[in-house]
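Two versions of one and the same chain are coming, encoded as structure tokens; call them structure 1 and structure 2.
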Structure 1
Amino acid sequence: CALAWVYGVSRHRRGAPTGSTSNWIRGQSSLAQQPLHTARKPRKGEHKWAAVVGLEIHAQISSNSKLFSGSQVCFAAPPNSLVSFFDASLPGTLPVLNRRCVEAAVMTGLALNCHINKKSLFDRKHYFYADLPAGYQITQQRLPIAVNGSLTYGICVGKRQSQVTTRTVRVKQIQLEQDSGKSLHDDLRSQTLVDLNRAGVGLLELVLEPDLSCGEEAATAVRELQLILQALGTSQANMAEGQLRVDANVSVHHPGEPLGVRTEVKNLNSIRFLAKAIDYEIQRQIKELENGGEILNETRSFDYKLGCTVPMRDKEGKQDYRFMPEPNLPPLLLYDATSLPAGADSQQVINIDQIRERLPELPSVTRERLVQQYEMLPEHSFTLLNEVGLLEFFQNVIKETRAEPKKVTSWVLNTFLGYLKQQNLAVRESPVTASALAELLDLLDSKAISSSAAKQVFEELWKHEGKTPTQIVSEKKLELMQDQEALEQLCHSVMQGHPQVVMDVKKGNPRAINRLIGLVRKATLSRADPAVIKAILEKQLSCHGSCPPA
């Protein structure tokens, strides 16, 4: 996605938040090597393409009860068992706002650097659908609870994707709204079955400005948002369970020219498909335009099996939602330390400052802390947080081992994660426990085994046969030779057996010493530390063979 960035930088600078432009410039130059957004090689003088991606994200609020009613929020339950009279839109029922949902919205707004509107309003958005019993959804169209924030994420750049640079996407607004129920279409009998369990569950709609330019950026930004929501506890943000839904608005244009017609891509229920769908759509639009076609302002769905976007059923022209103020709800007023009315019932007022003080540690702060505390590189901290359960695993190993943090980091991120990825396993499915790895690292740290022996032990542990590292070491006789004398004898006899190599060493051939070390190692069945062997050999060589071992 380099190309979009070559032009993207100037576009972003116009309204970009400060502090991140320098990173973008760095990112730009290192990205210049990557492939461009073109369908074919551009002819001389021809314009290149830039893509613009805007995301609309719906996050289900993690709460016990629904946004405007006291029925339960729960994932799998018997149909229509979690439905109150209000959720079923029976006449005479009224919405009653859930305090927890408001707090969740404020927390999320604060975590995303938004301005929290002390007064926000509720509206009705009208449309007819089987799973919307009232015929309207209560939302916040005119004046949402939070506006003008930013979401910062880290993207991998560099030759081997090893460096991390930060980018920012602006948050236009965050609003509270109701979720709809679920419809199941039975085409055979031409009927639609409706389950209202989900109807009325609180949602946070987050609208991001179109500051993203490719699938990877969108995926990374959404992943970071997931981590933030999970750290805050405001949403479990599990895409597979529908707790986080993302719609993407995609358009392409030639830099310097006006933005192109955009299409909306829906039905994206994993981060991986989000990236794929956006990139496919960008390429589709470029190809279409380069072939002289035009882009329709339509809604498309991502077809997983075909790996492409397809038009959804055409909506009747432009939807007219006939927004009107929700007549049953007064404005939502929030307070801070200075404006808090005296003697107010604490259950009836929301203090933004108090919520800010109680915010839990955000992922960016956690990463910073890891870098400081364990002297790891920023990219390591990103990997630790990105992989579900990995941070906890890492911290458990650290707790139980004597080995230094850098060693733990290296083993967890390289060896452990490498095995997981190879077999496509999640951390919680790992056959190796944190305790086992900690024990292994202790053995390594105390120099009981060599690092190559440790790798062997790890491979054995992965087989999950119930043996501890110590048991494996003794069974496979992987202990390092501790007998210094025996080792010295071995060195001496190897040198005696290979006079030519010894001559080469004395002649000053730098590779010859390694050959000697290798020979000694073989003789010890790899049970000696090469560094120790080298020291002994060098000592013996310097004696010019005139001081045989004792």
Structure 2
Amino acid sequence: CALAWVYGVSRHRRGAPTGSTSNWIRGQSSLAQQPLHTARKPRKGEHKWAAVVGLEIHAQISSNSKLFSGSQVCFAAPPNSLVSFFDASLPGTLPVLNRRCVEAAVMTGLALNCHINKKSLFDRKHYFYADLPAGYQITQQRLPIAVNGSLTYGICVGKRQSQVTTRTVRVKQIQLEQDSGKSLHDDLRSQTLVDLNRAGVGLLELVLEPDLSCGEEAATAVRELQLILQALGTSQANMAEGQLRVDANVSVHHPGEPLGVRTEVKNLNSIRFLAKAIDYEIQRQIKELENGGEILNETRSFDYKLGCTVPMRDKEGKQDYRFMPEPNLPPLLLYDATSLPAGADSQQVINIDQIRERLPELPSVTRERLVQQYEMLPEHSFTLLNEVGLLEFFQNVIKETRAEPKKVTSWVLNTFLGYLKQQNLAVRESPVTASALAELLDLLDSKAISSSAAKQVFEELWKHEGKTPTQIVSEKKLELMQDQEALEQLCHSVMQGHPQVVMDVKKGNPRAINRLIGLVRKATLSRADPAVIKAILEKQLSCHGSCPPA
């Protein structure tokens, strides 16, 4: 991240906010548009600032049922259609722990290099919201299931973002807890409706230590975590469906001085908005402090339309959650090969070592394999994994084509991905299939068409679904000329028609022969191989005009 240190530049006198709220918001929005100050030497009178960022991440566990009840988990189901008596907190109902959720927590902890506690405890966290019918949430405050891990991620640096540097953020703890319901605010009728479908869904809360310093680092770390959860199958981590939500704690201070007062930006449900919110909040705090103000310990939300954070509530009166042990759940006991009781039923206990053996290939290992197997650059492996569905598309093309992996990589990352970005499409929405691209690369590899013709074919494939590359080549007459004698005749004619260019070649101008190649290709409607044209031209030029064409 270029923002290891941030330098303040504002030196205006602090003034009390004036004008309407809309004026204040417009001021906040204009700040959001300003670029962050990148690391440089401070000018006279300037002080450098260090930003500190910590994250709390809630990931919904991939499970058919909820954490403590048998209710089904399903996104966008009709309101209050997936609510058991326990979810509604009816008297006399008791929690039954979901084995799948525990295994998902252990697997995630192992993938993040955590220490798995063989004994963990459940607690009640009391607070009163309309969508929390029990008046408390079951969580793991005192002794969580996993602690002291690390998450390694890569940041692209350099002028062209072509170098990857590895960084690590510490994972303080991973704990199991219930999700709350959902409050639906109807401003038209001035009422709030409650949907309890989500109440009791199993969550993994991952607390990352404040080892991050900017929005880019936070966004990259969360994206890496998202890939890990998806590879493990412990969470689908679909942010658009609320399956991965992030709270960011942000503060700034002068290096060597105590950490500043932090603010919490809640419920960030997009990686892009996460980066923007953190970078904006860093700049807002610096500006406030430089103008003589102070930072409040408050909760803020991110207004994505204005690109700024806005206050939600202050934290000066710290809320007492009145944590207490959950009386209806015994301690959660886990075992490994050394502590497993003799004759224990594998269905009744959870074996940490067995879960470790089931760990799949993690994203970092996948990247290393891609680099070694296909000789691609590390940054290319990052792009393949970071774009949803792109790695699968790439591997399908590789399976079906005879073309070299390097050529496949180039076409997938440059041409194919470029078209997707231009049209703002996901990989699954592409009109060009992996089979079609593989067929196109085979035509190019067998020298049936030229590179420029291949790009024309790809463009036609993008516009007209259903046609094959071979059909397009035939319809557009894009096949390479195979008639050597005709090509030699064309080269001779071009040289005769452009004596000055021929003279420039003989004088040693290296660009002049490219001009001749271009003229010949134009005459063939780009149906001739440039390498073949160049070989013929060089042969004819070596004759110094004394050799007749073949």
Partner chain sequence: MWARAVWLGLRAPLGGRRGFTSKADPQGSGRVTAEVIEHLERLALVDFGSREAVARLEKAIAFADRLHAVHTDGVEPMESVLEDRCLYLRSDNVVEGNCAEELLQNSHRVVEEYFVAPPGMCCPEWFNR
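Rigid core here is just the name for the largest C-alpha set that superposes within 1.5 Å across the two forms. Sequence positions of structure 1, starting at 1, serve as the residue numbers. Just so it is clear, the model here is predicted, and its values are computed rather than measured.
- Here the chain appears twice, and structure 1 is the form predicted in complex with the partner chain.
- Relative to the superposed core, residue 505 undergoes a C-alpha shift of no less than 2 Å between the two structures.
- The two forms, fitted on the rigid core, differ between the two structures by 2 Å or more at the CA of residue 519.
- Core-superposed comparison between the two structures: the Cα of residue 61 travels less than 2 Å.
- Once the core is aligned between the two structures, the alpha carbon position of residue 492 differs by 2.8 Å; this is the C-alpha shift at that site.
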